[in-house]
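Following this are structure 1 and structure 2, which are two forms of one protein chain, each written alone as structure tokens.
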Structure 1
């Protein structure tokens, strides 16, 4: 028996699609081509297989995702993950928050930031740089028009340069969109553990 998950954790739940994913064994040549560049460059998830129903969108989405989250230069990968976590927490996307918290912890080889965020949310005790990144990602996700020049100044005071700020905006905005797709197309589920 499984149930919908409602708590943030680094333990990645399964994602149960509401739309039947494309079966790789029955995929068209166009679908296989669109699937050849997966978001993480490691595997094809049920989510991506669901998105493969719209080949043209997926052919654009995966390279864009990879460029925003994985290209070298600018903000560190772990900090981009922190932007994704901030957006996912605001949007209550349990699955994305778990995936990106797990990646952040692995990249940093430390769970303290994600432990703190999931235990205390907005009141988490973070370094000044992480605080500025998380607060900006949260603010941008809650109301994009509310992010202003004062927020840019706060990011710069925390040591971010313009290239890093752009990476933060891109990673946060990407997850505003991705979270909404995940919510509509499926649900995070975790196996119930018998009491």
Structure 2
């Protein structure tokens, strides 16, 4: 038996689709290509198999995702993760928040920032720079967008330059996208350990 996870956690749950994913045995050439399935690589997650229903989007989204989160230069990888976490907390995407909080903690070799965020949300006690980054990410993720000129000024006062601010906008907005797939198309679940 598995149960749905409702609380923010750094322990990454499993993801259970609400629709039937593409069956790898019945996938088209185009789907196999987008899934990067080769004879030596046949392991594909349920999430990616679900997205393979829209193969044209999947194909362009993966390189875009990797560029925004991992390309060198600009804002640090850990700070981009903070943008992702801000979006995922607003949209309550438990799965995305877990994956990216775990990544943040590993990059920083420190769990205190994500502990604080999951315990206190927007009232978390953060450094001025993390505070400015998290608040901007949170407000950019609201519907409608709540970030304003004052939030932009706070980012600059915290020392972010234009390249870093652009990376923050991109990583936060990217999770506006990812959350609307992960949180909408499936549930974060954990196997119940039999007593």
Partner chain sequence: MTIFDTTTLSAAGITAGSAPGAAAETRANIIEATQAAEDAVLTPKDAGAFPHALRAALAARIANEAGENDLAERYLAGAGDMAGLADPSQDGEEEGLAHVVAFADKAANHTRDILAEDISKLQAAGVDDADIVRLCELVAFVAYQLRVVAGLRLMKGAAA
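Only the largest set of C-alpha atoms that superpose within 1.5 Å between the two forms is called the rigid core. Positions refer to the first chain, counted from 1. Keep in mind it's a predicted model, so treat the numbers as computed, not measured.
- The form predicted together with the partner chain corresponds to structure 2; structure 1 is the other form.
- In the core-superposed comparison between the two structures, residue 57 has its Cα shifted by less than 2 Å.
- After superposing the rigid core, the Cα of residue 146 is displaced by 2 Å or more between the two structures.
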